[in-house]
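Next up: just one chain, as structure tokens, the form predicted on its own.
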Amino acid sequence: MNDSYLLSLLVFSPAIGIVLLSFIPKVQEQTLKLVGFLSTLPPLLLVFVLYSYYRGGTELSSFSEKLNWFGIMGAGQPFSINYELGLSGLSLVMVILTAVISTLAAIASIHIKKEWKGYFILFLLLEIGMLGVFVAENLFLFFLFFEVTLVAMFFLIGKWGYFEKEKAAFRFLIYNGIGSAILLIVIMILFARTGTTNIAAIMSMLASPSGTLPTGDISSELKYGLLIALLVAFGIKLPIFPLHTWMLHVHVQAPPSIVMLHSGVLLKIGAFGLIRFGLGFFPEEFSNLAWLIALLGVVNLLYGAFLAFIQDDFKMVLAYSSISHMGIVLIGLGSLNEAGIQGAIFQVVSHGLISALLFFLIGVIYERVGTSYIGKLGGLAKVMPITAGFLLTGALASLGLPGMSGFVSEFMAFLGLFKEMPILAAIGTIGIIMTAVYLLRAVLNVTYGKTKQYENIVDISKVEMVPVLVLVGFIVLIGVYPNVLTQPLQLVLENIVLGIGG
């Protein structure tokens, strides 16, 4: 295998499935399902090849790709746009998360009822977009892949969702479209001022002394403006309060397999963008606004936790729980020290795994009972003991039980914040307590509450057990042996801390 094109193979390998699916008649449902699932395996295999190379001592920078794409003239001088892919410890972790959850979500797609051909074509297109976002080495390519995820998600929600799917899809499109427009403005300003879209080159230029940019200096005011614009653009994606309302509808109306991808990967693009571009491009300005980011994190954490506590629908509990847990990401980033930032990245991965597990399990219950309202469920442990057991396992992981990934991420994020802003951190711990309250309330009411009348209910099937066991395995692995993440992230963390003057 030629290592020079490994990243391109990784990103575009799902396209093989798209081509194959386009030739299969719509009526051959079993073939479409099989090809759709098998098409998620090449990227999964390739990310583990990359990881094995990395563990074997290969430098991640050796996987970089660069080709001249096209050129344009601007302000009397030529600008070139290149096709550039690259890998850092952070992007390696994110592509592994994407490939794993995509394959598991493909298995979870057994609950999709219609039009498998179109579903899996869009599903694989979404996977291409997600993988591309994490390995893009220039802003133009990043934006291109970012938009691919937006279009694919819009149709997946609007076509295969539940009763108010169109409304949820349009909310998703409007909010995220605004975020994309803001991001595009930032990209165009940076391109106009630096003459390049290469991310590393822009970081280097912005870090240089004043007056070294080819088209003039960027003022401090403009840097703050661009950082705040990035905070809004990626804050919609994360989401940050009060830019979160669209996400609630998506998590309730989209099919479970797509919610797994959305909560497990797509929300994390917001955190990835804040780390890569917010911290990477404007470390000094980010440091000066760290208190605001930490404050927003505590607001997210508490707001999500209190709203989750009063919800009647289990999906809404999990949706507000996601908002609350994204607050921990902001808390870690706002602390601006190694422990906090490491905790934030751990939370990105940990929440991706745990939320995918919980949304899949509630999807399994919905398929059998026809509702996710807590008041209409109860005593499920008698008829679905295995599902109930894993639901409790997922809740314990989410509330940060030691030995699971949630504990490591929350401990490190709060450790970082207690070091810098102890009063804010102390207030934030109320959210951690509330997490235990609302999750255990919901899970125990569903599994051990007053038993309802169920007819022909069967427990989780062997096929459905596959995603559950894999996700629980990763959650425990990271909880027991965090070094699987800390090792690839070490160089990234050192560069971030160096950039902010640590």
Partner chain sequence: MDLETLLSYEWGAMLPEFIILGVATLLSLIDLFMGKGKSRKPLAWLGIAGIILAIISLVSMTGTGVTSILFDTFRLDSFAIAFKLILLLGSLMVLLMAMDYEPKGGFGNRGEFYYLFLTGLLGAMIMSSSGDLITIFVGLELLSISSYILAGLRKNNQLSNESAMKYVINGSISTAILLFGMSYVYGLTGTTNLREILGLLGHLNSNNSIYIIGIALFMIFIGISFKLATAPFHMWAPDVYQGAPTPVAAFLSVVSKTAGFIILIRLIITIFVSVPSGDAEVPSFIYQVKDYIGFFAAVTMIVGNTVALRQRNVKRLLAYSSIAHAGYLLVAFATLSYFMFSAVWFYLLAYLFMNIGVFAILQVISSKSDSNDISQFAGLYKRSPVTAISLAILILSLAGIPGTAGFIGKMNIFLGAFMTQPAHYVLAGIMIATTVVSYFYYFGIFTQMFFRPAADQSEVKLPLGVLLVVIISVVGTIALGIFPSIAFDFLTTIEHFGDFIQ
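Numbering follows the first chain given and starts at 1. Not measured: the values here are computed from a predicted model.
Quick note: we don't show the form predicted together with the partner chain, though the next part is all about it.
Although the partner is absent here, residue 403 is not a contact residue: none of its heavy atoms lies within 4.5 angstroms of the partner chain in the model of the complex. At least one heavy atom of residue 193 is located within 4.5 Å of the partner chain in the model of the complex. The shortest heavy atom separation between residue 316 and the partner chain in the model of the complex exceeds 4.5 Å. Among residues of the shown chain, residue 170 is one whose heavy atoms approach the partner chain to within 4.5 Å in the model of the complex. Of the candidate stretches 234-242, 409-417, 278-286, 172-180, only 172-180 has residues with heavy atoms within 4.5 Å of the partner chain in the model of the complex. For the candidate set 303, 155, 373, 224, a heavy atom within 4.5 Å of the partner chain in the model of the complex is found for exactly one residue, namely 155. Out of the listed residues 81, 110, 292, 432, 81 is the one that sits within 4.5 Å of the partner chain in the model of the complex by at least one heavy atom. Although the partner chain is not shown here, in the model of the complex the stretch 124-145 places heavy atoms of 140, 143, 144 within 4.5 Å of it, in sequence order.
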